[in-house]
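This document opens with one chain alone, in structure tokens, the form predicted on its own.
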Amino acid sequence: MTNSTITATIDKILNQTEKSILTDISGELSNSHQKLDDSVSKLEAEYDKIIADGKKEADKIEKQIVGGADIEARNKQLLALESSVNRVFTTALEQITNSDRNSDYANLINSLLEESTQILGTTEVKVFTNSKDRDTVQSALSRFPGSELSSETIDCIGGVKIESKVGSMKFDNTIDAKIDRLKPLIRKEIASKFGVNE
């Protein structure tokens, strides 16, 4: 073989190899572009999912923070309300404790005795009171036949405790007990006026 034939054969082989390589490279480039396009859409979908999940989590955390703040604010309102109600009751109790045992107070004792005997359904009762109210209660008992004042005194702001003479029924109608019974109702009324739900 001559040099020119060898050269022509080599050139032909090189051209075919170059075309084959260029075709392969072009195919691989096209495949790479397709894979890249597929990856981009998958990445975008994954990115959108991450953003949506993040937003849901952020909304959840925001609701927890707002809910926690609402509960904390409500608790502070309730504590302020409780403190105010307690101050009012303390002041009222001091005023009642230091009030004169005048005719208005005697009328109060009469109504407490009347209410108590009606609840027990008898005037045959033993009446207990504090040392400060003994005289007022003693004079009121004349209106309740069969009743008697106990020699024992009780610790209270004022008012009476009564029990049937057989001791089977008792009723505490002291001012202390009345206030304890009314306190939740008064607290609820005050809370509703200030828009605080207990």
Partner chain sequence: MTDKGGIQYSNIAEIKGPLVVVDDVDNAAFDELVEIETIEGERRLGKVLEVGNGKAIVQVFEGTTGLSISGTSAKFVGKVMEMPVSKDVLGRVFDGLGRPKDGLPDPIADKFIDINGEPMNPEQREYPKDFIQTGVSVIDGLITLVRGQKLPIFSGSGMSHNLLAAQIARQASVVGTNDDFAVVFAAIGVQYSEAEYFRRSLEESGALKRSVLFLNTADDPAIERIITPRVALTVAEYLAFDLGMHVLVILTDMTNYAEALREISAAREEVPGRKGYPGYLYTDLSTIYERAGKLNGRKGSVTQIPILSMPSDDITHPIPDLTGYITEGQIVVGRDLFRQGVYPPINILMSLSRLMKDGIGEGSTREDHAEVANQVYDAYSRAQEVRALAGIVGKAGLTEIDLKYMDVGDVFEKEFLTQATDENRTIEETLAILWKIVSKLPKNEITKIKDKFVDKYYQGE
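In this text, the rigid core denotes the largest set of C-alpha atoms whose superposition between the two forms falls within 1.5 Å. This is a predicted model, so every value here is computed, not measured. Numbering follows the first chain given and starts at 1.
Below: the form predicted in complex with its partner chain, not depicted.
- Query: Ok, Gly146, Gly67, Gly27, Gly54: which has a heavy atom sitting within 4.5 Å of its partner chain in the predicted bound form?
  - Reply: Of Gly146, Gly67, Gly27, Gly54, the residue with a heavy atom within 4.5 Å of its partner chain in the predicted bound form is Gly67.
- prompt: At 4.5 angstroms, heavy atoms only, are Lys126, Cys156 and Lys193 all close to its partner chain in the predicted bound form?
  reply: No: no residue has a heavy atom within 4.5 Å of the partner.
Worksheet entry | Segment assignment from 135-143, 148-156, 37-45, 55-63: heavy atom within 4.5 Å of its partner chain in the predicted bound form | Contact-bearing stretch, as computed: 55-63.
Query raised in the report: Though only this chain appears here, would Asn75 touch its partner chain in the predicted bound form if you measure heavy atom gaps against 4.5 Å?
Result: It does: once its partner chain is placed as it appears in the predicted bound form, Asn75 has a heavy atom within 4.5 Å of it.
Might Lys165 be said to contact its partner chain in the predicted bound form, defining contact as any heavy atom within 4.5 Å? No.
Margin query: I'd like to know if Glu114 sits close to its partner chain in the predicted bound form, meaning any non-hydrogen atom pair within 4.5 angstroms.
Written below: Glu114 lies outside the contact set for its partner chain.
message = I'd like to know if Leu185 sits close to its partner chain in the predicted bound form, meaning any non-hydrogen atom pair within 4.5 angstroms.
response = Judged by the heavy-atom cut-off of 4.5 Å, Leu185 is in contact with its partner chain in the predicted bound form.
Only counting heavy atoms and a 4.5 Å limit, does any residue of 103-138 reach its partner chain in the predicted bound form, and if so which ones? Glu115, Ile119, Leu120, in sequence order.
On a rigid core superposition, would Lys188 pass a 2 Å threshold for CA movement between the shown form and the other one? Yes, shifts by 2 Å or more.
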